[in-house]
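One chain comes next, on its own, written as structure tokens: the form predicted alone.
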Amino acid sequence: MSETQRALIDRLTAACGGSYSPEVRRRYFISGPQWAAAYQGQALFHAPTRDPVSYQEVIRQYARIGIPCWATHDTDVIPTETLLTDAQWEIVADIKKNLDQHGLRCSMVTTETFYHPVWAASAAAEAPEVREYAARRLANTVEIGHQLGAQFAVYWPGTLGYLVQGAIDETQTIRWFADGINAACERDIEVARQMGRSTLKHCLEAKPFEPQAEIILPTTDAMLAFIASGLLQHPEMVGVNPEYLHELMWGAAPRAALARALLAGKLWHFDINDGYRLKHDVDIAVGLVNPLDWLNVLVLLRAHNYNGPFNLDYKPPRTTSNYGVFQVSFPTAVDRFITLWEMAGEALADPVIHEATEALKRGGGGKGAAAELAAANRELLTLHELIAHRLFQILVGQHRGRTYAP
């Protein structure tokens, strides 16, 4: 029965058509996280629905699909008890061997500072021994990243907050959090010098809530303010890793958050997924909920020459089998991203959008009082809606003459 069902999945996947070859997929700076492929379908109220998957299998499958880069938390691949011991380097060496064997690069490493009970009060807890342990863990991840050839380190301070008000001093907690980032950057400078490599790009990832009720640094804007606060010893080494859904969760416009990060020169890494406003972190694959918004996001990034990674930070649905994770979920997620990226290029080159945009920039030529200026531009402003309609046409292929019979 299982083989029969898999054959059905394969046949219908092929019937969908429109897939890219692994060679084409490798042209894009797309990274596949260990945690996304190894996610077993568990949640707060839900038991796992899939079997565990090793990093060896994830790397092998990413190579087969054509995902060129791999990313990981430290504890995704190294047990907590093994970290900071000599035994961790045996695992790191085996990961490197597997990456080299399958032609993948490690693009990013990150430290798990949210799951283990030691982080119950965050990595910036009141207890100095916890903060000292956190600093060692962060510095250790930097060393692992250099050994694996990573370019980026990402920090998600998911427990940096509280469930009950008044329990912590927020200003002191932020200072302690800065101490951890400073320790990572200092170790990075030292290891990079020893190995003759560039330092990593350290990227902060914000989230408005969950698992804590109140997060102290909940948005990309908060992270940008933190970087500029004067608390960091090397602010030039620290940027942001916005996640599409994290900005959407609190009701914001991801494109606007990305624009502010671009203006600050701090948009270095981007987690891509999809979901819903004002709800939890469902981590649906890119383009399955908000494809038009995603097209707009990629138009912005292409227009401003973003060349950082696109990290597939999503969770295959609990209803997807282990087989389906690599046969359907990841290939289709990559292909939707590539299609939307190429559509964004079409939008930037589209003569209708170009002419409408230039006309709006020239203005109506009015002079004098406010009423006259408003009258001079009244008709031109209709072009805003026309541009939006044109983007929809590009999304569904109508700009190529596609129509639907009544």
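Everything numeric in this text was worked out from a predicted model, so none of it was measured. Each residue number is its position in the shown sequence, starting from 1.
Form predicted in complex with 5-thio-alpha-D-glucopyranose: not shown, discussed below.
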query: Exercise: residue 137 in contact with 5-thio-alpha-D-glucopyranose in the predicted bound form, heavy atom 4.5 Å; finding: no
query: Exercise: residue 243 in contact with 5-thio-alpha-D-glucopyranose in the predicted bound form, heavy atom 4.5 Å; finding: yes
query: Any non-hydrogen atom of residue 306 within 4.5 angstroms of 5-thio-alpha-D-glucopyranose in the predicted bound form; finding: no
query: Contact label in the predicted bound form: residue 281 to 5-thio-alpha-D-glucopyranose, heavy atom within 4.5 Å; finding: yes
query: Interface residue in the predicted bound form among 146, 266, 315, 336, criterion: non-hydrogen atom within 4.5 angstroms of 5-thio-alpha-D-glucopyranose; finding: 315
query: Among the candidates 187, 131, 201, 73, the residue which, in the predicted bound form, approaches 5-thio-alpha-D-glucopyranose to within 4.5 Å (heavy atoms); finding: 73
query: Region of this chain that lies against 5-thio-alpha-D-glucopyranose in the predicted bound form, out of 222-230, 290-298, 307-315, 187-195 [heavy atom, 4.5 Å]; finding: 307-315
query: Stretch 85-120: residues contacting 5-thio-alpha-D-glucopyranose in the predicted bound form, 4.5 Å heavy atom cut-off; finding: 110, 114
